[in-house]
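Just the one chain here, the form predicted alone, laid out as structure tokens.
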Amino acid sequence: MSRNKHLSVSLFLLAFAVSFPERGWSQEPDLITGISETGATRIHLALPDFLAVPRGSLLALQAARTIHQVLRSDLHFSGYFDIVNPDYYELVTGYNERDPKFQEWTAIGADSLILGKTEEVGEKLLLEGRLYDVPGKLAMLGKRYRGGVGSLRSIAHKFADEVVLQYTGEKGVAATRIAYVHQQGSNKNIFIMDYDGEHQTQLTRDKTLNLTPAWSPDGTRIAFLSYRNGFPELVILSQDGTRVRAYPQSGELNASPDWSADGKHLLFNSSRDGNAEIYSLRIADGRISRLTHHPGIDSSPAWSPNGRQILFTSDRNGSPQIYIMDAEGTHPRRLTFQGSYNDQGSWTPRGDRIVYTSRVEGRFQIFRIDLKDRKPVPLTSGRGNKESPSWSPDGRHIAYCSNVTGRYEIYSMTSEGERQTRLTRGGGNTHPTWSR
């Protein structure tokens, strides 16, 4: 069931020392010059077709095409790169990894260059990928990956994240995944997929309700609410679908687990004491601590990245609004004041911004708030509902669900609300959560 089953058991990643000058491996600060926080100034990247060896190998050729296509898509999605028009590549002749022809690539407007080669070696495939800084005439990165046919997309994702790392100091999100709920008749099960909607994999196969998944900080486990045994349980799964642990809960309402940054606690909301309140569960022994004590309804808890604060929804002042309290449940303060219904708050990984769902003219839309100025900014509009926003680990993208097509599907967009892209098809897909 895990996406790892799509990968060859022999998949491995090697950083390799190639015949580059020693200076080519440096990561000096000037390598990130020109990249703005919003990605408005982008790197002009030349990405010619990858070579396939030996000549005539259909397997190597198909691998070269697949990896090249996925890599191009990953780097475009990152928002850091503009791909140089491929029509110009024919103006550069005789280039190879030992003689990249930097002057010619400069002439067609390239700031960076990626050269790649796939090779059929026995029953396996080998990819060599190289990244060059064109103006500086430097080799920045060399990577070698080996695996089976089923690992091609994973290889491309890994290399894309390494390329982003060279320019930003942080890995990209190409190798990340999104967990979500998929409805099958009256049943709901937990699925995961790659960030771009590929490799959709079913984790639970229960004829019941499995709801509100949440990734652990290390991306190896998923917590969610299950009614598999006829009563609510907080369940933890490994990424291959193996049931790790379950915590039976009392009360009719139990939902919305969220991990602490150290992976030792789960927040959730429950009516175990009669009213809907926020609780913290210690994973090691199942000990539960109640954090809120108010006659209003408190729900949708979310831990801040530094673990010091908790975001939650409460109607204690008459209508559902977003609040922030300290991690111990003290000092609650209201964050949203515009809109009659605000819910499903989500922290950016840096803890400086929040996205949430707000009802506007009878429809739910997604808004963003910067904690410095606290001014709500609409990211979506128009027909259909947009709900359950979840940040990507780089804070540059948001996953959400929408019924704009008539049935709920999972989408992604930039943190500015641009490039809204549908990731699932078939309907009944909700509550996305991006791995960290």
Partner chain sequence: MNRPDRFTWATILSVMVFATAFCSRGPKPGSPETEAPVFDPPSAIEEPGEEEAGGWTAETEVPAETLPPPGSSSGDAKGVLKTIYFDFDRYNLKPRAIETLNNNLSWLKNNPDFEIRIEGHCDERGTDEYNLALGDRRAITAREFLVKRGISANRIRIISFGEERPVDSRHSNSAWSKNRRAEFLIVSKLSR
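Residue numbers count along the first chain shown, from 1. Treat the numbers as computed from the prediction; the structure is a model and nothing was measured.
One more form of this protein should be noted, the form predicted in complex with its partner chain, which is absent from this view; the next part is about it.
Enquirer: Please run the contact check for F268 against its partner chain in the model of the complex: heavy atoms, 4.5 angstroms, yes or no?
Expert: Although its partner chain is absent here, F268 would stay clear of it in the model of the complex, with no heavy atoms inside 4.5 Å.
Enquirer: L75 near its partner chain in the model of the complex, any heavy atom under 4.5 Å?
Expert: Answer no; every heavy atom of L75 is more than 4.5 Å from its partner chain in the model of the complex.
Enquirer: Verify the contact flag for S151: yes if a non-hydrogen atom of it lies within 4.5 Å of a non-hydrogen atom of its partner chain in the model of the complex, no if not.
Expert: S151: contacts its partner chain in the model of the complex.
Enquirer: Tell me, yes or no, whether Y132 is in contact with its partner chain in the model of the complex, where a contact means a heavy atom of each within 4.5 Å.
Expert: It does: once its partner chain is placed as it appears in the model of the complex, Y132 has a heavy atom within 4.5 Å of it.
Enquirer: Under a 4.5 angstroms heavy atom criterion, identify the one residue in I114, A302, L126, I283 near its partner chain in the model of the complex.
Expert: The residue in contact is L126.
Enquirer: Of V355, L141, V92, V84, which one comes within 4.5 Å of its partner chain in the model of the complex, counting heavy atoms only?
Expert: Filtering the options by heavy-atom distance leaves L141.
Enquirer: Check R98, S238 and Y341: does every one of them have a heavy atom within 4.5 Å of its partner chain in the model of the complex?
Expert: So, yes: the whole triplet contacts its partner chain.
Enquirer: Of these, 84-92, 260-268, 288-296, 67-75, which stretch puts a heavy atom within 4.5 angstroms of its partner chain in the model of the complex?
Expert: Of the options given, it is 288-296.
Enquirer: Can you tell me which bits of 206-221 touch its partner chain in the model of the complex, meaning any heavy atom within 4.5 Å?
Expert: Sequence-ordered list: D206, K207, T208, L209, L211, T212, W215, G219, T220, R221.
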